[in-house]
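This document starts with one chain, in the form predicted alone, laid out as structure tokens.
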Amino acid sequence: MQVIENKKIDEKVYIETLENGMKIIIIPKDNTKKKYIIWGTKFGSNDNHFIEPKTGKEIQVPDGVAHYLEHKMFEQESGVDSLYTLMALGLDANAYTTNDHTAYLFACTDNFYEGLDELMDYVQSPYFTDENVNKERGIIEQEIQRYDDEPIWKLYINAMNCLYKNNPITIDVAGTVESISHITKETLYSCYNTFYHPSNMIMCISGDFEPNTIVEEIKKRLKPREKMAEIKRIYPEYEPTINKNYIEKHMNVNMPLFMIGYRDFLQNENQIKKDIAIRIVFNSILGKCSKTYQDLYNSGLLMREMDCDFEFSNQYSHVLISGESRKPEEVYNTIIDKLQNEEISIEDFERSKKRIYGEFVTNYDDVEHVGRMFLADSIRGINSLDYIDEISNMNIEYVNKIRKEMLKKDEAILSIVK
């Protein structure tokens, strides 16, 4: 078993890769009664075009199939819904689908092993019929329609359509009403057999566990699967430019919403370092304590604190800054000018660095947050503990380099919902 340690924050992480290729990550926490488990597969909404390992056949599935599959995994041949079984045990259970993975999870203080029995049973026992697949279609159609009417979601999807032209991130994770009409039980079985193989899955566990003991308990519950060749995913060609600079939509909102975006074209830079640098840039120049934010807020141009996210995977990478404003275009002009031209002072750099370091350290106190963080990072080939060292080693020269090279004025996009 591999042990990764970070002495700065006194954290140890245990990693076991089983013979079937499945990775288990254990983050022990002996100061809490809460336990958390999350089991993910590297299959998200972006993975709709691939070579089937067994047959070598090129497959293109309808948009939304990963999300559809997540919905159907809970239904068992006995007619029992495993989500209700887990909830009846007093567990806080759920599942979700993103662009690059699907995950099944629960948190609890009691009945962990009973929950583990159910979790590992239903994730390894798909049951799809023409009838139950068709029954789910109406439910997912309603979910898609709800998101279509959600201003914040439209703001985000429109921003993606500005940043990218052919990237699957521009499509709703759930697909469209038209695309899911083509999903059949055969589609679901093909994707399950390809992507739900242990070699494509990662399990993260956080709480009061002895690493070797929990690994043995998991191994007892794993069903045998034949070895499988590597999955070959097919993605659109890399897009060297943004698609367009501006998009606007009118919806039922009390206050206009805006989202400013920047594509990340610095392909050879360390993603963790970029993530930390962007956080420092935002906190220093646009955060709640910054002069720019105070001026915009006091003049009535901003209604609340803005949000900033650096989203990245193997197929996309971008910065998003969002908020509310009566005059979003004016706020946009101010922000892109400040980000490109305002040098960060050493005082602001040190203050922001300490704040971000504190936030990361605090995250390790929450078993749910740390479990989900390690899964998402591992899917992207990142060790979450590396963030701590990279923050400690960050310097102001690198932060200003990222600000100048990544947040270029002429490459910014603006999505507005009015």
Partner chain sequence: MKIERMKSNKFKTNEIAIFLTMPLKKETITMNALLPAVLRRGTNKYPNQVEIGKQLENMYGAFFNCGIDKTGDNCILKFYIETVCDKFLPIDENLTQKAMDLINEIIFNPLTVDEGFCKEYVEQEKENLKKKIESRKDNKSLYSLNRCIEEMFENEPYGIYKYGNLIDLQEIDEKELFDYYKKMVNESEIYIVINGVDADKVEIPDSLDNHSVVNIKENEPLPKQEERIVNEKADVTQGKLIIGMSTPNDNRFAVSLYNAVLGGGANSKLFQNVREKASLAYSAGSKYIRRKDAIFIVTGIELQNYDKTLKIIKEQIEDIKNGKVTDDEFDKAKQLIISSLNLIKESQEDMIAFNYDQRLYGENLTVDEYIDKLNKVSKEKVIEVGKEISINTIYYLEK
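Keep in mind that this is a model prediction, so the values were computed, not measured. Positions refer to the first chain, counted from 1.
Beyond the structure shown, there is the form predicted together with its partner chain, which is absent from this document and is the topic of what follows.
- Though its partner chain is absent from this view, in the predicted complex it lies within 4.5 Å of a heavy atom of just one residue from His49, Arg380, His369, Arg355, which is Arg355.
- With the partner left out here, its partner chain still marks one of 103 to 111, 224 to 232, 169 to 177, 315 to 323 in the predicted complex; by a 4.5 Å heavy atom cut-off that stretch is 103 to 111.
- At the 4.5 Å threshold, heavy atoms of Tyr387 stay clear of its partner chain in the predicted complex, well away from it.
- Asp365 belongs to the set of residues with a heavy atom inside 4.5 Å of its partner chain in the predicted complex.
- Proximity of Glu11 to its partner chain in the predicted complex: non-hydrogen atoms within 4.5 Å are present.
- For the chain shown alone, Asn132 is not a contact residue for its partner chain in the predicted complex, no non-hydrogen atom being within 4.5 angstroms.
- Annotated contacts: Ser78, Ser125 and Met201 are all free of its partner chain in the predicted complex [non-hydrogen atom within 4.5 angstroms].
- Residues from 389 to 405 that approach its partner chain in the predicted complex with a non-hydrogen atom within 4.5 Å are limited to Ser392.
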